[in-house]
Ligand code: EPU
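First comes one chain, alone, set out as structure tokens in the form predicted on its own.
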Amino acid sequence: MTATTPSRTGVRVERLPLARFTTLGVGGEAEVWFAANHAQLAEAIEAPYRVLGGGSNLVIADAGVPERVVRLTGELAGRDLEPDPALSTDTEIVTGWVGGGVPLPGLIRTLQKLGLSGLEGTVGIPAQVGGAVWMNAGTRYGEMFDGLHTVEIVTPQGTRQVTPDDLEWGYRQSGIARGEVVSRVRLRLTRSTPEAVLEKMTHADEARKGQPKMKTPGCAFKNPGGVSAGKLMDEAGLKSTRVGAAMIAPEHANFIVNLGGASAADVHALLDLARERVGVPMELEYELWPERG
């Protein structure tokens, strides 16, 4: 096993298989840096790096990646949901800082119990806050930018804070450049009741009933031109198509699942086959590590 790089700020550094950090469960080894504060994060990104959050929407090569892989922990996975009195009103609150390493599902459950509305449309997305903001994760019932006030972005050049108005965000994209780290955010939410928020969450969650429950990165392709990618793949007869231990889900054609022991090569083969069969240009929703030409 290759020796890991020593840290001067106390970052925990280990060489680990990345499959354990992804919802698909594939991916080779890399040097993983667990950054617990801003000083550690600054050191972690001094060399070529990638940031790995909840591991959804991601397919990592079987050989892993040569760059450092950064995960946000400690202070950067903490959350302060107390209303900022200077920015909040009787109907709307702006929270304290929520770390990019905070798991989104747990955050959504807590907001529901507090009766805070704005992000319930993201219910069920297995991401961390930073990654969910970076790709503006969401469903047809809502997306991350519905509930953002401020985004803190860290790069090797320094740290800056921006608002959604500063970014060119839209469907499944935030306008935040690849390699920029969403370290923390502040949320803008509407005061409601736990019962009302739960009702919205339940409605959004009902739409996910037809999605597979096995290991999957999520939807494979963005909807081309407003047409459902899943419908196009279903019409192409792709449901239940297998390559190795990877399969296009029988429940929903726009999901690839790991039947157990799948490789990234299996998944890439299915993606290529889907594009060939559908015959319509389809843009990946998955991020590929490393990128393919």
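All residue numbers refer to positions in the sequence shown, first residue = 1. The model shown is predicted, which means the values in this text are computed figures rather than measured ones.
From this point on, the text means the form predicted in complex with this ligand, which you will not see here.
Trainee: Quick check on this chain: which one of Thr150, Asn223, Thr73, Thr110 has a heavy atom within 4.5 Å of this ligand in the predicted complex?
Mentor: By the 4.5 Å criterion, the partner-contacting residue is Asn223.
Trainee: Of these, Thr190, Gln211, Thr155, Gln161, which has a heavy atom no more than 4.5 Å from this ligand in the predicted complex?
Mentor: None of the other options qualify; the answer is Gln211.
Trainee: Is the gap between Phe255 and this ligand in the predicted complex 4.5 Å or less for some heavy atom pair?
Mentor: Phe255: contacts this ligand in the predicted complex.
Trainee: Even though this ligand is not shown here, does Arg242 get within 4.5 Å of it in the predicted complex, heavy atoms only?
Mentor: Flag for Arg242 set to no.
Trainee: Any chance Asp234 has a heavy atom within 4.5 Å of this ligand in the predicted complex?
Mentor: Asp234 belongs to the contact set for this ligand.
Trainee: Consider Arg172 of the chain shown here, and say whether it contacts this ligand in the predicted complex, taking contact as heavy atoms within 4.5 Å.
Mentor: Although this ligand is absent here, Arg172 would touch it in the predicted complex, with heavy atoms inside 4.5 Å.
Trainee: Which single stretch, out of 139-147, 192-200, 90-98, 110-118, brings residue heavy atoms within 4.5 Å of this ligand in the predicted complex?
Mentor: Selected range: 139-147.
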